[in-house]
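First, one chain by itself: the form predicted on its own, in structure tokens.
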Amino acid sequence: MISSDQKKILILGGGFAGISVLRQLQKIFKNNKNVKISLVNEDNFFLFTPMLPEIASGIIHPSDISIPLRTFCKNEKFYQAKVSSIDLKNKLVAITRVFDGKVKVLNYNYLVIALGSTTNYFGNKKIEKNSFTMKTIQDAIAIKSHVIHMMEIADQEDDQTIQEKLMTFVVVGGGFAGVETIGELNDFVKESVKHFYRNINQNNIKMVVVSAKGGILPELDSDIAKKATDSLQKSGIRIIPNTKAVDASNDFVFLGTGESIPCSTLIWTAGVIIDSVVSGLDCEHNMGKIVVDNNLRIPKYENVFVLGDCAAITDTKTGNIYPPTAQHALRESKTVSHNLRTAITGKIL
């Protein structure tokens, strides 16, 4: 029998932030039947996204970085569905089952919003149409298949100009995803050409990173970023800073500097955007992210916690919003879990 005093915690999102909160709450409320936890996520697996480039380069198998969410949900309820709306005032969340479009409404006492983000093309339809991205297993597999296909065609091509275009790989975005992607592709392509594609001229292999910032890895300390820059350049990767990609087709990318790079592979890792379900909520936002207080709550709704990509959390040292990385999500999850325990039990530890 369910107690009338039962508290319902609803977690939206099964990424680093959501799963970390879930696992900590499991320990906190172990054997506590008065606390019911539910999790909603569009996919039925947790994806270790930092290692997607290794899928694209063939180093690891997709199953190595994906874990069924039900393995985390021991006594918790899991819903594989898309969050279609959030009613903060009435404490309701509508979810839509992808399979048949069936809508279900869930109520809660405490809500945890950790829905992550999606790729942001900044309205550039041509780049969206002509580029790959690196957000899902399907993305990584598609890139791997495409890169192998390019090497197969290039190996049969005697025209050096065409071969160079086929062997030019451009990654837009100098953050973690972009740097890891170009590094993995560089190793994969050069090793593959060395051992299997002997008609490809190694000098025709061009690896390019385009960054809108002054360099790569702006999230890191400048000394570390410089070491990473030196390492990439030493391996033959060209870094183009302070530049944006403004146009693309299936055989070139055009930069804001006026340079046109002939290429057959463009990978976009240059930005993310928050889902309209989150950015449209009745609360304060910063670039679509929800502005939270020091306890990671929405000021007007103290029973709603936000973390990960969805949260606008200011770094008091720099004044900038913390970047959407797994490391920050994991740290934030500790704060959310601690504050949920305090809110429900009334005990401050």
Ligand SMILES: Cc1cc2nc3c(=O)[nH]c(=O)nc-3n(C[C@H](O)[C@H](O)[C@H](O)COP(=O)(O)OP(=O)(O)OC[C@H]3O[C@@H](n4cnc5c(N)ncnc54)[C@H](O)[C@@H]3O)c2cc1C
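In this text, residue numbers run from 1 along the sequence as written. Computed from a prediction, not measured in an experiment: that's the story for all the values here.
Just so you know, the form predicted in complex with the named molecule exists too; it's not on screen, but the next bit is about it.
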4.5 Å heavy atom contact, K91 to the named molecule in the predicted bound form: no
Non-hydrogen atom contact G116 with the named molecule in the predicted bound form at 4.5 angstroms: yes
Contact label in the predicted bound form: L22 to the named molecule, heavy atom within 4.5 Å: no
Exercise: P324 in contact with the named molecule in the predicted bound form, heavy atom 4.5 Å: yes
Non-hydrogen atom within 4.5 angstroms of the named molecule in the predicted bound form for each of N120, D247 and G288: no
Candidate stretches 297-305, 22-30, 49-57, 312-320 - the one whose heavy atoms come within 4.5 Å of the named molecule in the predicted bound form: 49-57
Listed residue (L111, L232, A81, L255) with a non-hydrogen atom within 4.5 angstroms of the named molecule in the predicted bound form: A81
Contacts with the named molecule in the predicted bound form, stretch 159-182 (heavy atom within 4.5 Å): F176, A177, E180
